[in-house]
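Here you get one chain, nothing else, as structure tokens; it is the form predicted alone.
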């Protein structure tokens, strides 16, 4: 950690139990007292961003890592495919113009300058829902959209279009490596990546983004995810080990040029400055702003509040861009992410308290349903660590969320079946994987909605449950703080969670499991950050 900034000032212990802290509460906020002695861990402040993003991307492509400059690789008549991350990144969406737009406009200009016109742009959705034309246009800008979409050269990947998938090989562990045929047959594949967490990028980009269910099956399963320590530490992640094996086969068959970018922790719009500050640093205006928004979110119709929250754009700034071969590029990316996000922490806690933000990777312009709350908190938040989880084995997680019992029927149809039919029968990820995943993955209705509508793949709901496999094994209890109504309590219990109407009740229930002298930590997120727990 010597090479990283001193972050000791980001840890605070509650000395006055009358002091209140902000907890994200879905599309709203709580303002709660925490027990005296609670350790509160705050996210690192944002690094300065790069002022001229286009120039930085151009410089990276002309000074790449372990390969020739991009311009030196181009020749007239080449077949080139540009693949780009989907709307699951960033969270919230980037301010306009999106970095993907800036990068792709630059790349198209470079390709055109040497007489390359066989160019396809593919959204790397993997098993996510397709992006709508409006979402593609918003992400890539009107110029790129009009140039490529009408001619059928800008589209979403289809993981079930078997005529347009090609099996490249099988790893030494028996993992099928199957990718989009257009990319496989291209002379050059350029991947435009946005890295918000250390989980993303590298070999994960192609081997999930433009692969098939047959490929993803090998690493998105309970066995792999239960033994991943953690998702944010590729060195100790079975998920990333599998992706690395697949990536070596990809590199044998494809000429891939990666462009990876990282961002600072400036997560929220500038009109909400209180969300970027500690409570102690709020001005009087910040306090008024916060309480006005807290009360509005609690009283206005849910649909209106949801539309307001989903219209927000982050104020992220790009902090690095690196280009070239996959492995050296990603090593540099990880270093830049950790430099911004890593906070050294001494020791685990018995009880972990965390708010739940309104947005995860799979509910952009949609609903954070109970399965997505499970994935966001037991999958992603729990995994925001290196070395050891922030909460000890046998500890308790208290998560704040209204737990609205509601699903988006167009985006998450198979989630509904999993929640209504499967979870009442079993919550065991391995049983779901063996008994139910095959039928969910092959269900013709779900396949049709994934391929031609805007639904996540039929298996994706099960993945949301698997994503918490490690946390489910590790934690003794999960308590949902302030479920909004009886149906929310029902949803929490369906997932095996307890509930509490107040913070004191939640803490008392947690202490009944881990003892009255339990150590308590509040993970004060978002912005996203990672605890390096010693």
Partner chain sequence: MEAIEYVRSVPRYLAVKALYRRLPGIVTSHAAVIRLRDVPEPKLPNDQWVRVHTRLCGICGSDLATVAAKGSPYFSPLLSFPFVLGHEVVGTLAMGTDGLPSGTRVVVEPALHCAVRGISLVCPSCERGDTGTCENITRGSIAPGIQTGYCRDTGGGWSRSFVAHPAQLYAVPDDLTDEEAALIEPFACSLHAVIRTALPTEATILVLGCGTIGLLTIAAIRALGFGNRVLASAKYPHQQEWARTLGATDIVPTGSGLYRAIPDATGALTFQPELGKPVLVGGVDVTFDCVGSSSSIDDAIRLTRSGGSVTLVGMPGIASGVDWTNIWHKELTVRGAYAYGVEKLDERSVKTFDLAMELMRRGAAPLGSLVTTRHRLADYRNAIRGALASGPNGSVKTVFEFPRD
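Residue numbers count along the first chain shown, from 1. Being a predicted model, the structure only gives us computed values, none of them experimental.
There is another form of the same protein, the form predicted in complex with its partner chain; it is not shown, and what comes next is about it.
- Contact between residue 238 and its partner chain in the model of the complex is not found at the 4.5 Å heavy atom cutoff.
- Among heavy atoms of residue 20, some come within 4.5 Å of its partner chain in the model of the complex.
- Mapping the unseen interface onto this chain, residue 152 falls outside it, with no heavy atom inside 4.5 Å of its partner chain in the model of the complex.
- Contact between residue 96 and its partner chain in the model of the complex is found at the 4.5 Å heavy atom cutoff.
- Remark: of stretches 379-387, 159-167, 281-289, 253-261, the one touching its partner chain in the model of the complex is 281-289 (heavy atom within 4.5 Å).
- Listed residues 112, 308, 416, 442 were compared with its partner chain in the model of the complex; 308 is the one with a heavy atom within 4.5 Å.
- Site annotation in the model of the complex: the residue of 277, 75, 313, 248 reaching within 4.5 Å of its partner chain with a heavy atom is 313.
- Candidate site formed by 11, 14 and 30: none of these residues places a non-hydrogen atom within 4.5 angstroms of its partner chain in the model of the complex.
- Residues 289, 291, 292, 294, 295, 296, 299, 300, 301, 304, 307, 308, 311 of 289-312 are found to place at least one heavy atom within 4.5 Å of its partner chain in the model of the complex.
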